[in-house]
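Encoded as structure tokens, the following chain is the form predicted on its own, with no partner shown.
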């Protein structure tokens, strides 16, 4: 049973060892230690997943508030994504971080964040989840602050302020849930026994909305999204990949746990809370795409894209229909692989050329053809072109939206998703076109092949392949998801 704790404690303790070690170790020794820790943690996660449906209670905060862990289907999905992205981004960092200072500090906090995310995935009740949700903000903050520039410090403070405001709004809701629920243990279908039509139920609807806003901060949902496009560009590229692909999805995981495992879908279905949630999700989808379309800096463009794409997932959750919910979970995986790859590609371009703006990258496809082919494939996935995973997830989201009992949103939702897909093509594909077809006036005499090192290329290529595999063999995932989605809805 204590095997559940190993993927949590091992990387956290390994990270602490790096942080408290006074000397700066040799670079080869540092990267070897970090790489071994990442691989061991990944193996421990896979081993722990064999304990599905088993729980472990560590201790009690009070007589009725245990700190406990339990692995279920949602845990498996999010923890496997975490393992893949963190190992890939970690390997990439071994080369990228050469031109950064204080690598020991970076790897120390990186390992700690890995362990905290595993704890979030395995949390068995809302109290345990909240404690590690707060710890995630504190442990990931140094990754945003790492460069120490004024931009990074301001971005870190903004990230901290927004995250704490959202977390405290959610804590406010937890107080009232504790008063109205017999237990805060995650239970499929919810544990709330109050009718939404009763006076208490009407008040708890307001609490549900406050918690959606609070946990939605981490997921970059409007109107508390502004931290994300500020923090991502300030962080080193491998940290940005982890932030965009995994860490922001802690907000998605929180909303799944709160809405479907505490309140219950039936409590919110057809209420003003569902309507408001759908509205905010679709506003964020459109707004994020528009801002990305207008943004000239590559990493910031990708950050605005993350704002938009995460709300695809939130839309799927808010529809409260099996197909839309399945589409949202598929998009968790597809977006994780795609956006992780895109940020690593942006880091490879910055590391190799020193260029950060899109208009500076004319002809980049001639210089870095393999990297830009990966960029093109995952970009098509983010747009929603088959046979990538992005197409399948958005297909499920669209048909789930049309089939859902959500009034006019049945039509508004798919329309907004389609417009956003067109905007996504508008802000991603010009880099491919200008990169491979720079025009007759391009000075080919200055052209030089400069693909990044293998440790940078392999993680990019691996996640690009995974984004296609999700699209080619989606039934492996959907068959697994179908088994428990009906219990939540």
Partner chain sequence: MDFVCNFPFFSILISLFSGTICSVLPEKAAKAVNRIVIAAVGVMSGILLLYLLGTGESFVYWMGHFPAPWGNEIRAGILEAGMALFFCIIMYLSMAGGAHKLFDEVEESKHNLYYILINLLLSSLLALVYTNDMFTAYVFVEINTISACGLIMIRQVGRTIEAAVRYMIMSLLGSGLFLFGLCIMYDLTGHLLMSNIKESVALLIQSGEYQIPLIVSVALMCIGLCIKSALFPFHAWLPDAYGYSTVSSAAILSSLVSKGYIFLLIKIIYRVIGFEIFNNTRIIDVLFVFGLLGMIFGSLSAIKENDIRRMIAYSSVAQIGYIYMGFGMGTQAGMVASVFHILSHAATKSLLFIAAIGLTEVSGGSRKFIDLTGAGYRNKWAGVAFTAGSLSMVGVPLFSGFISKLLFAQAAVQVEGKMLAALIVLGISTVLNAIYFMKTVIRIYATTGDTSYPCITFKDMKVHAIVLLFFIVLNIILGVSSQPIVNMIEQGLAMFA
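Residue numbers count along the first chain shown, from 1. Everything numeric in this text was worked out from a predicted model, so none of it was measured.
Although not depicted, the form predicted in complex with its partner chain is the subject of the following passage.
> Taking 4.5 Å between heavy atoms as the contact cutoff, choose which of 188, 350, 138, 210 touches its partner chain in the predicted bound form.
The residue from 188, 350, 138, 210 that makes the contact is 138.
> 265, 165, 194, 80: which sits within 4.5 Å of its partner chain in the predicted bound form by any heavy atom?
Result of the distance check: 165.
> To test your reading of this chain, name the stretch in 413 to 421, 99 to 107, 387 to 395, 338 to 346 whose heavy atoms come within 4.5 Å of its partner chain in the predicted bound form.
Checking each option against the 4.5 Å cut-off leaves 99 to 107.
> Tell me whether 60, 157 and 203, taken together, all sit within 4.5 Å of its partner chain in the predicted bound form, counting heavy atoms only.
Per the other structure, all of 60, 157 and 203 touch its partner chain.
> Does any heavy atom of residue 65 come within 4.5 Å of a heavy atom of its partner chain in the predicted bound form?
So residue 65 counts as contacting its partner chain.
> Answer yes if any heavy atom of residue 260 is within 4.5 Å of a heavy atom of its partner chain in the predicted bound form; otherwise answer no.
Contact check for residue 260: no, nothing within 4.5 Å of its partner chain in the predicted bound form.
> Using a 4.5 Å heavy atom cut-off, state whether residue 134 contacts its partner chain in the predicted bound form.
Judged by the heavy-atom cut-off of 4.5 Å, residue 134 is in contact with its partner chain in the predicted bound form.
> Can residue 377 be called a contact residue for its partner chain in the predicted bound form at 4.5 Å between heavy atoms?
Contact check for residue 377: no, nothing within 4.5 Å of its partner chain in the predicted bound form.
> Select from 164 to 178 the residues with a non-hydrogen atom within 4.5 Å of its partner chain in the predicted bound form and write them out in sequence order.
The stretch touches the partner through 164, 165, 168, 171, 172, 175, 176, 178.
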